[in-house]
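Coming up is one lone chain in structure tokens, specifically the form predicted on its own.
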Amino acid sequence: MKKLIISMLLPLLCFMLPATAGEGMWIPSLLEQMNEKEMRQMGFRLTAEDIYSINRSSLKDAVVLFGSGCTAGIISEEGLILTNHHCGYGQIQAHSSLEKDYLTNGFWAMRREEELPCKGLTVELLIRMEDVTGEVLAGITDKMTEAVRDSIVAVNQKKIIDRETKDSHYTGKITAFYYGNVYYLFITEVFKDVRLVGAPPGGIGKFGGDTDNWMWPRHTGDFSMFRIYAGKDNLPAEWSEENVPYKPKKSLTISMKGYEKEDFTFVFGYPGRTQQFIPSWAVSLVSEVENPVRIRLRGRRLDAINQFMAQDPLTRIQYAAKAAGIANGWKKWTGENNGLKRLGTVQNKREAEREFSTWVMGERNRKTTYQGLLGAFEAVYKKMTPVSLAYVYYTEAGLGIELVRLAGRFNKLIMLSEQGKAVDEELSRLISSIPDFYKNYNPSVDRAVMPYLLSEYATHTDQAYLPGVFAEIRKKYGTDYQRFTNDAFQESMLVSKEKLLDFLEHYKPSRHKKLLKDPFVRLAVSFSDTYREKIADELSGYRDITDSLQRVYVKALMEMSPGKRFYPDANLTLRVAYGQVMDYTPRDAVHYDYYTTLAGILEKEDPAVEDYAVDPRLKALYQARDFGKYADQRGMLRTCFIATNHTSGGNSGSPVFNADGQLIGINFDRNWEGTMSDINYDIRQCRNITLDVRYCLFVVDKVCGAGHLLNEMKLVY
């Protein structure tokens, strides 16, 4: 493994000059030192401590990590939380059936007893964060291998977490920043009793559907409401009828005053992942190798899913959440590639790398320390490309077949059976989980996409990483993957829930050989064996090398530009992004305003297209101009707005604030022209799309009749 060649212990956070206003995802505990002055110059009227404080309640006490990848804001003293419809979509779908189609008709609990428990859903609340870099890197030297370094870091992290969470109900985690140059400790509370309170009808919550996803102008009422429950001591607790609504230290104040162009605004949430520091070779790998494959394979899967959803109401419910997840990535990667090409990101990175090389060669110590860095990047990404491509085909083609993913669940049962160990516990787990899979499965979808996915997998994967099962298929079927698919569905017990459950309920370890003969189990075993034996370790090794190179590179970039302020890449930790409400021009002769109104929904209406079917209650209110207190100063009902805040995946559901720290909207997307912002932010094109909170409350109150919930909220006019 590559040796570390420099010390990582130099200070990294004392930079004086601003990055481009509107760019950046900033650490909340450092706002006072790094951002408050600029924020005030842009119009911010509070203090950094109003956003993040450990001495008194602050906005951080009302912002939670929702599930494993979204954000939500606490909007009442009774634990009511507001997030996106698409963040709550899986839970809404789980509670839906043909008889209770909450995806289409929406759901609102009119009494607390009607709020629906959400199995497996958690929210995480930050108590405090602390720079623990010195402790984490204690004992690290520049002579260590990455493996030794990682082991020491892991031991140091455990010691810190154990100390800081001892004799408490808190959870601790330590996260690396700047590729391991800096480490922060996060102490959190994790609430496990979260209940669905309400969701608008699908024609509002998903208005525009996949057609409008990642697009502006936007008119989507993308919100849902949940409630956090706690034990009677107000501490996190497992679900219980005895639990009570959580009493937060802070709940958000909601502004009914709205916003205008160039108003200051900020987003507080959990952005998922950005890669602003990666070199040109990494951008090429993403944009020229990985993304095109993902886009092509997901496009084919979506075509099949949409066809069957259009034909059958049950399939529409079964695949609603799946289709949304597949489409989200497909459209994002498409826009990302377009944006990277338009900005010339690869070429710009290469020019910056040439400047870096000139800087390195300009001084002896720099030359000694950094001279081979860019060459090492180029070499490792060249070696990494075929295995990265194999990984993409494994995940998008191999695991794109749903029955293959189901078959993969039997790996542990097969292993225990072969080893002669007890299988009862594993059998019980499998039997209890099987019905959930079939509840949301239509075999016709798999049959439609499987021949194509297998053909693509076999044709475009380097032979060194191709699963052995393809050799077996070729012996009998050649490249006729349609005939193989037909036979697999004819022979497999996994196609039928009843046959599979009967097999498992009468299972004995000696019968594992029958499992291994099942065509989908054979596929799953071969795919997973190849991934485990040929892909995972090699890819992990390359990523270890690139991470260690990135750590050196980031430090060098900071050394090269000592007057520049660097914000860390997003890593699903709490961040602040700030900017201005702003319009934009995506291309020649096209200009987009900074907000949309309810009138645009009626302009888009098309009863023949599901994405643009308008809820009749919404239409009636529009025709009557019955907007009530939710209208703007011009008497119109605004639906969404855009700003220059730098956001990423994970910011979905993030509260969006005005200069006074009052909630004005819920972040739910980026514009398509700006999806490359995870790699290359461009203030001219990058916009975060936000649901106007007044439209949200209008829907709750006047469309869905759940106005009682507003009585819990603090509204200012």
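None of the values given here were measured: they were computed from a predicted structure. A residue's number is simply how far along the shown sequence it sits, counting from 1.
Keep in mind that the form predicted together with ligand ASP is missing from the display, and what follows is about it.
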| item | value |
| --- | --- |
| One residue of 35, 690, 680, 652 in contact with ligand ASP, assessed in the predicted complex (non-hydrogen atom, 4.5 angstroms) | 652 |
| Residue (of 86, 149, 227, 638) lying close to ligand ASP in the predicted complex, criterion heavy atoms within 4.5 Å | 86 |
| Residue 612, heavy atom within 4.5 angstroms of ligand ASP in the predicted complex | no |
| Contact test in the predicted complex: residue 214 vs ligand ASP, heavy atoms, 4.5 Å | yes |
| Contact flag, residue 52 vs ligand ASP in the predicted complex, heavy atom cut 4.5 Å | no |
| Contact of residue 60 with ligand ASP in the predicted complex (heavy atom, 4.5 Å) | no |
| Among 60 to 68, 669 to 677, 23 to 31, 36 to 44, the region lying within 4.5 Å of ligand ASP in the predicted complex by heavy atom distance | 669 to 677 |
